[in-house]
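First comes one chain, alone, set out as structure tokens in the form predicted on its own.
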């Protein structure tokens, strides 16, 4: 799977003067003048009101769309990465889509196995073993042979997580992972992501750098160490929770008190 970068001083993510536009309408600017650095091992939450572009922003961070202007590096290499020759570097970053974004004709197990079949260079037996481990750690074993249409949204979200973890990424981006979850599922996600940030066996015990988006900052207080907010075409980089709580920005206070 992925290896630790040779130079730990290189930022994991670094944006310089980046402008992000909407995927659906490139004339709509989501954020401009973004200067943001994410270091290895950090756990960030990017808060934003609903329908304010956080999915578009995270897609740009994940290299799934190109910035309209500015420069963006991932582990020292310019993004986005589409070339096949650089795919191994690109796969050090995993992405969990809101709702899972699963392939409906495949079973839960088959969805999780997809990146391993395309990029894992493993035998059939090794893939099955890896998928089984991911099913167990995400509590998805009862739905292994079900298609997404027969699995509840909360569990589909976990399938998306298991698929993203299949290749043991060094960095994981999660688009609104708590949306639509009840208390039990929310607690599971917060606890599991906290374990990933500290080092979990399912990713070889190495701490994973995490960036999540949210329209409510309150659940993340005890878990993430770094906070930013997206509002009015700006990424407001706050820093730690003390800075967030002291911020005079209206959007920050709204997301902390909803």
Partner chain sequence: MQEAGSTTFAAPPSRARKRWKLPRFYSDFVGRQVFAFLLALHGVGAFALITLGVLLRNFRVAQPVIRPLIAREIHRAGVQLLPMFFFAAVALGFLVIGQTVSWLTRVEAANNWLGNIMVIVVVREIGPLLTALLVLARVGTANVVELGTARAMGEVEALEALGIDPVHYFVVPRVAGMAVGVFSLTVYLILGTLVSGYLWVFIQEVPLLPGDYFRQLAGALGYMDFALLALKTCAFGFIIAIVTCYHGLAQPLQLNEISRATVRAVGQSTVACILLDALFIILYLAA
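Residue numbers count along the first chain shown, from 1. The structure displayed is predicted, hence computed values, not measured ones.
One more form of this protein should be noted, the form predicted together with its partner chain, which is absent from this view; the next part is about it.
Colleague: Could you check which residue among 184, 153, 78, 117 gets a heavy atom within 4.5 Å of its partner chain in the predicted bound form?
Modeller: The option sitting close enough to the partner is 117.
Colleague: Can you pick out, from 190, 64, 68, 202, the residue that has a heavy atom within 4.5 Å of its partner chain in the predicted bound form?
Modeller: Only one option qualifies, and that one is 64.
Colleague: Which one, 68 to 76, 87 to 95, 137 to 145, 176 to 184, holds residues whose non-hydrogen atoms are within 4.5 Å of its partner chain in the predicted bound form?
Modeller: Result of the contact check: 87 to 95.
Colleague: Every residue in 38, 211 and 252 with a non-hydrogen atom within 4.5 Å of its partner chain in the predicted bound form?
Modeller: The answer is no; none of 38, 211 and 252 reaches its partner chain.
Colleague: Does its partner chain get within 4.5 angstroms of any non-hydrogen atom of residue 59 in the predicted bound form?
Modeller: Result yes; residue 59 sits at the interface with its partner chain in the predicted bound form.
Colleague: Indicate whether residue 172 is a 4.5 Å heavy atom neighbour of its partner chain in the predicted bound form.
Modeller: No - in the predicted bound form, heavy atoms of residue 172 and its partner chain never come within 4.5 Å of each other.
Colleague: Looking in the predicted bound form, any heavy atom of residue 123 within 4.5 Å of its partner chain?
Modeller: Residue 123: no, not in contact with its partner chain in the predicted bound form.
Colleague: Looking in the predicted bound form, any heavy atom of residue 131 within 4.5 Å of its partner chain?
Modeller: Residue 131 lies outside the contact set for its partner chain.
Colleague: With the partner left out here, which residues of 100 to 118 have a non-hydrogen atom within 4.5 Å of its partner chain in the predicted bound form?
Modeller: The stretch touches the partner through 101, 102, 103, 104, 105, 106, 114, 115, 117, 118.
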